[in-house]
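In C-alpha cells, the next block holds one chain alone, the form predicted alone.
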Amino acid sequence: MPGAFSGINMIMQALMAQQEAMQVVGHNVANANTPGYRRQEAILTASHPRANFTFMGSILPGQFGTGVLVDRIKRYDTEFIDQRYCFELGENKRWATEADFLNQVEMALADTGSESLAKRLNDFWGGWQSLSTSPDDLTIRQDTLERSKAVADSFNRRASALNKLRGEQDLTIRERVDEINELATQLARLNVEITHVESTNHQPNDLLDERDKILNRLSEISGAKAAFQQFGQVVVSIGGHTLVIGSRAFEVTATPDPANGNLVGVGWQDGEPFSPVAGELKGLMESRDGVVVDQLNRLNTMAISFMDRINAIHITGYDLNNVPGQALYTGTDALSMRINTTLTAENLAAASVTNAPGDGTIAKLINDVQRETLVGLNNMTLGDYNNLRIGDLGLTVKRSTSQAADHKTVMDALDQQRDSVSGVNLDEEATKMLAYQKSYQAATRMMTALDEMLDRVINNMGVVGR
C-alpha cells in the first residue's frame, strides 16, 4: 500500500499543477487586450495510477491514484476561420486602399467644383461667342485670350496632379515591399524556433501568436496565402510564388521601370513578375497603373482633339491686322498644352476674310465646336466625353468603396466568430481562477493533515502516559 511520503508527493504535484494553471490564467488576463493573442488553458490530467500491493506482495483489486499533472498548455486555435479571415482582410485592404487613393484623384481633378474643366470649357465657349458678336472690341479679345489660356492651365494642372499622385505612390509601394521582406525574414526565423520548441514536446503558443500576426499583416499588404505543415512550420506564397518556406525567405524587389516613366516596378529577385492577388499593393498598383493612367489618357485625348480642332479653324481666319491666324495652342498632350505665346489679343483670328474688322465668322465656328462630335473622342462632343470620364471615375470610386465595405462586413463577422473561440473572456478567467485557488487551498489543507499524521507517528508513537 502507498506510504505517507507518496501522499506528500501527490499533494506537491497538486500544488504545482494548480499554481501553473493559475499562471496561465494570469497570462490570459494580462493579454486580454493584446491584439492577436489567443487564450490558453492548462489541461490537467490524472497522473499514472499505481497498483495496490499488500505486505505479502499480492495485488489487491483496484489502483491508487497518484495525483494530477499539467498535460499541456492548450492554445485555442481557429485555423480554418483564420484562413477565411486573411482572405477577407486582403480583399478589404485592396479595395479600401484603392478607394482612398481614388478619392485623392477626385480631389485633384476637382471636376465638380468651380474650378472644374467643364467650367473652364464653358467659359472658353462663352468668350468666343462674345467675340463673334464684337470682334473689334479689344476688351472682349483680351478676355477671350485669358479664357483660352485658362483652358490650357486647367488641362496642365490636372495632368500634373495625376502624375504627382502616381509618383507619390512609389514611396508607399517601396515601403510595402521593404515590409514584406522584413516580415518574411521574421517568419522564416519563427519557423525554425517553432519547430525547435515542438520537437521538445512543448507548445510554442506565444510564438504561434506572433506568427499569426505576421501572416495577417502579409495578407493586408499582398493577399499572401499560408499552408501549414508538420511541427508548426508554414509555407507562404504570393500570387503563386513562394515567399517563405522553412528557414528560407525569398526577396521581393522594387526597381524603376523605364517603360512606366521610371515608376517603381515590383518583382521577385529571381526575375519572376510579382502579382499580388489582393492587399494594399494590389490596390495601389491597380490605381496607379490602371485608373489614373486611364484618366491621364482621356485627358490627353481631350486635349489633343480640342487643340487640333480649334487650331484647324483658327488658322483659316484673320486677325485685326489682316494677318492670317496662327495655331491657338501648342503642345502634344494635356501636360504640355500651352496657349501660343506669340499671340496677343489683336492676333486672335475672328474674321474669315481680310479687311473685315466686324466679321466674327471664325469666332462663331470656334464656339460651335462645343456641339461637334469629334472622331478622336469616339464621335462624342467634348462635353459628353468629359462627362463620361468624370462618371466612370465616380463609378470606380463607388465600386471600390462598396467592395471594401462588403468585405469589411464579412471580416468583422469572422473576427467576432474567431474571438468567441480564442478571445479572452475575463468572467471565464475569473471563474477558473477561483476554481484553481480553491483546489490549491484544499491541497494545502491536505498537506497540513499529512504533516500532523507524520508528526504523530514520528514524535508520539510509542510514548505512553504523556
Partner chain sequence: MRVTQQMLTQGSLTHMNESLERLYALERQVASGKRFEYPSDAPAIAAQSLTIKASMSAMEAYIETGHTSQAWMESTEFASQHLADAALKAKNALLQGRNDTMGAEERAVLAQEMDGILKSAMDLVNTQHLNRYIFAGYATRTKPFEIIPAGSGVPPTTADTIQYNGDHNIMMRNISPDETIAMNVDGDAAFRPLLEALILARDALNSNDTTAMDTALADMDTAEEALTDAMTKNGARVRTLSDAMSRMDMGLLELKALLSKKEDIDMAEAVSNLKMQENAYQIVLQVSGRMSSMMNLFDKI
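Positions refer to the first chain, counted from 1. Predicted model only: the values in this text are computed from it and were never measured.
The protein also exists as the form predicted in complex with the partner chain; that form is not presented, and the subsequent description refers to it.
Colleague: Within 4.5 Å of the partner chain in the predicted bound form, do we find a heavy atom from each of Leu44, Asp212 and Thr242?
Modeller: Heavy-atom distance to the partner chain in the predicted bound form: none of the three under 4.5 Å.
Colleague: Go through Gly126, Gly265, Gly331, Gly376 and name the one with a heavy atom inside 4.5 Å of the partner chain in the predicted bound form.
Modeller: When the partner chain is considered in the predicted bound form, the option within 4.5 Å is Gly126.
Colleague: Counting any non-hydrogen atom inside 4.5 Å, which residue from Asn156, Gln370, Asn347, Ser305 sits next to the partner chain in the predicted bound form?
Modeller: It is Gln370.
Colleague: Tell me, please, which stretch of 270-278, 334-342, 79-87, 359-367 lies within 4.5 angstroms of the partner chain in the predicted bound form when heavy atoms are compared?
Modeller: Heavy-atom contact with the partner occurs in 359-367.
Colleague: Any of the heavy atoms of Gly290 lying within 4.5 Å of the partner chain in the predicted bound form?
Modeller: Contact with the partner chain, no.
Colleague: Classify Met411 as contacting or not contacting the partner chain in the predicted bound form by the rule of any non-hydrogen atom within 4.5 angstroms, answering yes or no.
Modeller: Residue-level check for Met411: no, no contact with the partner chain.
Colleague: Considering non-hydrogen atoms and a 4.5 Å limit, does the partner chain approach Glu220 in the predicted bound form?
Modeller: No.
Colleague: Using the partner position in the predicted bound form, report whether Ser247 sits within 4.5 Å of the partner chain, counting heavy atoms only.
Modeller: Judged by the heavy-atom cut-off of 4.5 Å, Ser247 is well away from the partner chain in the predicted bound form.
Colleague: Which residues in 378-401 have a heavy atom within 4.5 Å of the partner chain in the predicted bound form?
Modeller: In sequence order, Asn387, Ile390, Gly391, Gly394, Leu395, Val397, Lys398 come within 4.5 Å of the partner.
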